[in-house]
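Take a look at this one chain, the form predicted alone, written out in structure tokens.
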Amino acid sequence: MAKTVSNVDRIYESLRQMAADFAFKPDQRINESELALSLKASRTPIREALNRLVADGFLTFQSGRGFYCRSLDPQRILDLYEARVAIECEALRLTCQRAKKKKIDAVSNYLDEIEPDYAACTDVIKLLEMDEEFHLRLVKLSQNAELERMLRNLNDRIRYIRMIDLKRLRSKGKGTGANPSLSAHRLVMSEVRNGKPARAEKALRAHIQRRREEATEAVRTAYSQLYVPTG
């Protein structure tokens, strides 16, 4: 039994990564037979993994027709950003109530540690990983494992668009020099350390919503990259 569960988990992680990266085109029907061949697995664990991805919001299921990749449209992305604001702001409220100074200082120290790499890094994926890590560390301070779990799920579902948005900003010469993301992170941490929960939440909300406003353009760019041949 343990071997079967392990196999499902392996397949699930592979398919989750493919779905997060839109290896399946938006609204594309998933061919279970092809997946079984490429992943060297039987249809049963494949289907179990696909059902888990439906529950996680990466795929959809139509009765009598099968599994489909999730849609990619501005409203869905805006919904995810709104959910992210709600999760992170609630976690921040709990953080201001519960977190010990030592734990708060550790997150601030993390920003100090990554600043040289952040300033010099040209790898958009690594930049995004550093950004996500800060937000996860901040949510962990809330001591609420469910909020952390929900943020991880949202990060995976929105990562492709965030990566597109960050690439676009870098190509326009934004997001460099003074490192506005790190500055926004430092402002949030400063307000938390000073015991100013309302000001900390305002800074965090503004930081997330700033990128939300660019979501529509990022979706258009994503479509062009997914459907227009580059060769």
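Note that residue numbering follows the sequence shown and begins at 1. Just so it is clear, the structure is predicted and the values come from calculations on it, not from any experiment.
Below, we refer to the form predicted together with the DNA, which is not included among the displayed structures.
*Does each of Y110, M130 and S142 have at least one heavy atom within 4.5 Å of the DNA in the predicted complex?*
Verified in the predicted complex; spot residues all out of contact, no.
*Contact between E48 and the DNA in the predicted complex at 4.5 Å, heavy atoms?*
Yes, E48 sits close enough to the DNA in the predicted complex that at least one of its heavy atoms falls within 4.5 Å.
*Are any of the heavy atoms in G57 no more than 4.5 Å from a heavy atom of the DNA in the predicted complex?*
Heavy-atom contact with the DNA at 4.5 Å: absent for G57.
_the DNA contact at M163 in the predicted complex, heavy atom, 4.5 Å_ = The answer is no: M163 has no heavy atom within 4.5 Å of the DNA.
*asked:* Is it the case that A41, even though its partner is missing from this view, gets within 4.5 Å of the DNA in the predicted complex, heavy atoms only?
replied: A41: contacts the DNA in the predicted complex.
*Could you spot which one of K202, K196, R29, R186 gets a heavy atom to within 4.5 Å of the DNA in the predicted complex?*
Of the listed residues, the single hit is R29.
_Sequence-ordered list of residues in 140-165 near the DNA in the predicted complex, where near means a heavy atom within 4.5 Å_ = Read in sequence order, no residue approaches the DNA (within 4.5 Å, in the predicted complex).
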